[in-house]
Ligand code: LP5
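Coming up is one lone chain in structure tokens, specifically the form predicted alone.
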Amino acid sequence: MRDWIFISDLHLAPERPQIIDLFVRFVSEIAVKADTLYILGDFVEYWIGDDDKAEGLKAAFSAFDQLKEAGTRVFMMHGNRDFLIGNDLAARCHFQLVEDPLPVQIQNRPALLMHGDTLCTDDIDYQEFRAMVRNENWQNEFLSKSLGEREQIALSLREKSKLATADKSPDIMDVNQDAVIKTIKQHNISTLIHGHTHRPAIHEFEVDGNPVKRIVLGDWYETGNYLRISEEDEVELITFS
């Protein structure tokens, strides 16, 4: 068995071509050697529908062809920015969309994969916004608009998000430990892997006397970051630049 690789929060956008180039290099140097690549949300900065040609992201999408040729399985989870990625894009890019949360077996041990935003229960405004945009009726109404209209709405939401984030305490935007423990108990897991908070770390603690790990993936704003779990059960958070 080859390595398992996990990434999240790339926030790929045409205005950040250096990060698109970094992802392409990551695919050709790292991901093609892995058995499985999990992308745990916010692969792109925003997504307005699979009918968008998104020419500025073409290089990133084309990189998935290398993974198909290498036999690397790719699984994509929605984040808070790219929740409208659908089956058409998944088919074009040869990845499989998965649910959040996603129970998996890693080295024969139960683990849970999440984007991580649902663990940030102290951020009440965000949770209300999340409920709105994940509503099927809201999404259908949004997708019924023209690409130009959708683009303007997405840009407006981005600006509102930046302003709201600037006024919030960092602790409010981090995970709630009670929510973490509740999730671990509910799914009876020993490892929780997520992104969203942009605070890469491996947290080790106990729940009901049992050792558990919460592994947080880093963002790709300045450098690339990924989690590698090897056949020998090595667990590493690695910076890729």
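This structure is a prediction, so every number in the text was calculated from the model and none was measured. Sequential numbering from 1, following the sequence displayed.
Another form exists, predicted in complex with the ligand; not displayed. Remarks below refer to it.
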Whether W47, F142 and K160 all lie within 4.5 angstroms of the ligand in the predicted complex by heavy atom: yes
One stretch from 87-95, 67-75, 104-112, 150-158 that, in the predicted complex, holds residues within 4.5 Å of the ligand by heavy atom: 150-158
Interface residue in the predicted complex among D125, D167, D171, E99, criterion: non-hydrogen atom within 4.5 angstroms of the ligand: D125
4.5 Å heavy atom contact, M132 and the ligand in the predicted complex: yes
4.5 Å heavy atom contact, H196 and the ligand in the predicted complex: yes
